[in-house]
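This document opens with one chain alone, in structure tokens, the form predicted on its own.
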């Protein structure tokens, strides 16, 4: 048996330095490699398959349900809640540059990474500490089987959105197989009511989960797969229906802070909402068909209707939150509805503004 060097890993410790320490001091024998409790079955370079609770065929089938591109070359992918690392290593095998995150240091991840010669970068972080400042922005984010473990699920989804550049794939336990409801609902588990585990807190239905994802800052969603107790949802940061008029037929008259009604725009926090005064929108325009884009990200408006104030009747008000993941500085704002779009206006985002 090899002597093992133990490391105390802080959330902000340099991961390259940590990896070099682990690789320098830890060399698992074949017996050690396959020992312990594995959640994922992972095929190693010599053909050995780790003894995971979930068989390789099941994991490969589930990966296909995520509907990721076959070729991920040039793609930055973040795997939040990586556990043993099957999805991280599979995405890397298909060409992605992968960052893996979990709230603890799973030895099996490092065993598999060593055996595969993987370059996956690991960070020991709570999802609440996942941020663009720490990890940057990633084209694709995987958030698989984590949501129902969170005491604060909407906050967790907001952090996921902050680091997503193109789309995230989110899977969760759901309750649709047990409850028929016409409303977005979520069941709370105080102790161990779900699966006898004390760290399972929530069971949303699909409607609730979808609405939470949009409320967290994603523009649109698609239900990829649903079973009685599990669903997979793809969530995009951008709209896919922007028109391209040669001359804009909607006019942004003014943009103000929705809370203070001035031109100071905090980057985040409870005052991070804008009001856009638009001329030319049909009176029947609604939150369901008006598109808002801020800093290149689509965002769902929270209000579309008459402007409260001494303005002409042909000017409507659109209120929308600042999307997660933007940086301080100038950002472009535009709106559209069906085949009509506005010109682009610029606002200046200010740092700070957390709750």
Ligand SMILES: C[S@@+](CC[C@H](N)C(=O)[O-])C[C@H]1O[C@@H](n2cnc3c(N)ncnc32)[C@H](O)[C@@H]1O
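Since this is a predicted model, take the numbers as computed values, not measurements. Positions refer to the first chain, counted from 1.
Although it is not shown, the form predicted together with the named molecule is what the next lines describe.
In the predicted complex, the named molecule sits beyond 4.5 Å of every heavy atom of residue 204. A residue is said to contact a partner when one of its heavy atoms sits within 4.5 Å of a partner heavy atom; residue 148 meets this definition for the named molecule in the predicted complex. Of the heavy atoms in residue 179, none are within 4.5 Å of the named molecule in the predicted complex. Among heavy atoms of residue 104, some come within 4.5 Å of the named molecule in the predicted complex. With the partner omitted from this view, the residue of 83, 273, 110, 167 that lies near the named molecule in the predicted complex is 83 [heavy atom within 4.5 Å]. The contact with the named molecule in the predicted complex, taken as any heavy atom within 4.5 Å, belongs to 126 out of 131, 126, 238, 226. Comment: 137-145 is the region of 137-145, 112-120, 281-289, 215-223 lying near the named molecule in the predicted complex, near meaning a non-hydrogen atom within 4.5 Å.
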